[in-house]
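Shown below, as structure tokens, is a lone chain in the form predicted alone; questions about how it binds or moves come after it.
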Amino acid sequence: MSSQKIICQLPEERIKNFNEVSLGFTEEQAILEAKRCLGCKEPKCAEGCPVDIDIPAFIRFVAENRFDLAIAKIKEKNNLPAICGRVCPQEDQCEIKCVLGKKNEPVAIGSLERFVADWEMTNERKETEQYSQSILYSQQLKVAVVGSGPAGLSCAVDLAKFGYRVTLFESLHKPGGVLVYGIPEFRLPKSIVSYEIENIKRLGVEIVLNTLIGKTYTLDDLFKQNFKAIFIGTGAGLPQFLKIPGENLNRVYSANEFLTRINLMRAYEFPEYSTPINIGEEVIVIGGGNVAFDCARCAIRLGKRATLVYRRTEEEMPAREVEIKNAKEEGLNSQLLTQPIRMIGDSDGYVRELECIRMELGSPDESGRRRPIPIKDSNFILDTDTVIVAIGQSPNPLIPKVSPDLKVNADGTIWVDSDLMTSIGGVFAGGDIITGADTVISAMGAGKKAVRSIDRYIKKK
């Protein structure tokens, strides 16, 4: 949160469009916010950053109205600042460690990062393009990166800066992974992702689309194409379901399918884009994370009534506070301490009702949150004609399935050693494919770490 009031679209207006909700700091606001920084001799904020940005330094440059130096300082460590400034949970990472936050609001580090990244786009700086020319002359040895989400993009950029010739393989028709198919336009505009990816291309990274590694090519095929190492960053794109009766009814969606149609296939622009999504008027979203709120807020923008069903209380929700606040302002209804147990359909096979049971909270479980316990004989029915299941994603299973030598953990994640190397020599992995679903910035940190390991591996070999 910030001591400065950030301009946002009014709720009654933003529910009618998919435009970005927050408009970010003005120049004056950014400078005033940066001047709040105490310039601690032993700053704790940087300890919370998974990619090790020198946070005090870039904030000092903002306070001095030297935005060009601020963005340069950020880009020493973070290759996707406009994205991270919008979607990373700074309140749980860098901002939570800010000394000011002990008594007042912490410095709005995320909003300042977004400001300088947006300033760079507005002022069309060309340093990246000039810098890339010197890199291109040195790129000889080939490295393959599989998946163009946060881990893959971060890995590809740093590999190019290390002097490698990088080919980035993406299974879909647009690069960006979860950044383009999973996060709605009102939280992360596609133009922002496109801008960051164009900068990556200027570094010499080749992006090959519509290519599914595991089907189009195997890992062995890539080695035969003279790639010296491979990084797997295919994420956690396998939807999880409740495994209750009725989940195969019509108009029951996984969050993955719903958001992909909305974001990548632009179903919200039907009939201009002929990819409609078949939903009714009463949409129930099951879950309490950011993805669940994304689904619900998309449904609201499509003119539907949306209700969130969550088995704990709001206090235990993993979603960001700002997303919960925005959703409430936009008219989202909630059924808390509620667990679905059955979906009921009509004679045509469409979902019509959701049977639930009330819950109460017991002692904490392994997540640290209080465990939900069913209340006997508390069953009740919610009317609905669309259900979206947003209870999490599992690691993408395709490459492990066709790579018998690739060791996989019990939860489906790929096993890696301390250098992020898998059980196959020269094959590395990072991001959600090794951790399960996590944050954008954590995946980026894994991609950067893998680059150093890949570089050591190739030079040693």
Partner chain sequence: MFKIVEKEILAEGIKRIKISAPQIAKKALAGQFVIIRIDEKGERIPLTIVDSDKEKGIITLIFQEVGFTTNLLGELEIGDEILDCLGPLGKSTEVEKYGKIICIGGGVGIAEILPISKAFKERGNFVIGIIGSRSKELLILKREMRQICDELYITTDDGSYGRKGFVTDVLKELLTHQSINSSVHRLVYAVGPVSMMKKVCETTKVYNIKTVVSLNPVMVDGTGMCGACRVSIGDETKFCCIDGPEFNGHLVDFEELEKRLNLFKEKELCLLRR
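Residue numbers count along the first chain shown, from 1. In this text, all values refer to a predicted model and were calculated from it rather than measured experimentally.
Absent from the display: the form predicted together with its partner chain. The rest refers to it.
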So, a 4.5 angstroms cut-off on heavy atom distances: do all three of 237, 256 and 349 pass it with respect to its partner chain in the predicted complex? yes
Would you check, heavy atoms only and a 4.5 Å threshold, whether residue 103 touches its partner chain in the predicted complex? no
Would you check, heavy atoms only and a 4.5 Å threshold, whether residue 355 touches its partner chain in the predicted complex? no
Is there any non-hydrogen atom of residue 290 lying within 4.5 Å of its partner chain in the predicted complex? no
At the 4.5 Å heavy atom threshold, is residue 401 in contact with its partner chain in the predicted complex? yes
Partner-proximal stretch of 275-283, 312-320, 196-204, 148-156 relative to its partner chain in the predicted complex, 4.5 angstroms, heavy atom: 275-283
By the heavy atom within 4.5 Å rule, which residue out of 379, 123, 191, 216 makes contact with its partner chain in the predicted complex? 216
Contacts from 157-173 to its partner chain in the predicted complex (any heavy atom within 4.5 Å), listed N to C, are 171, 172, 173
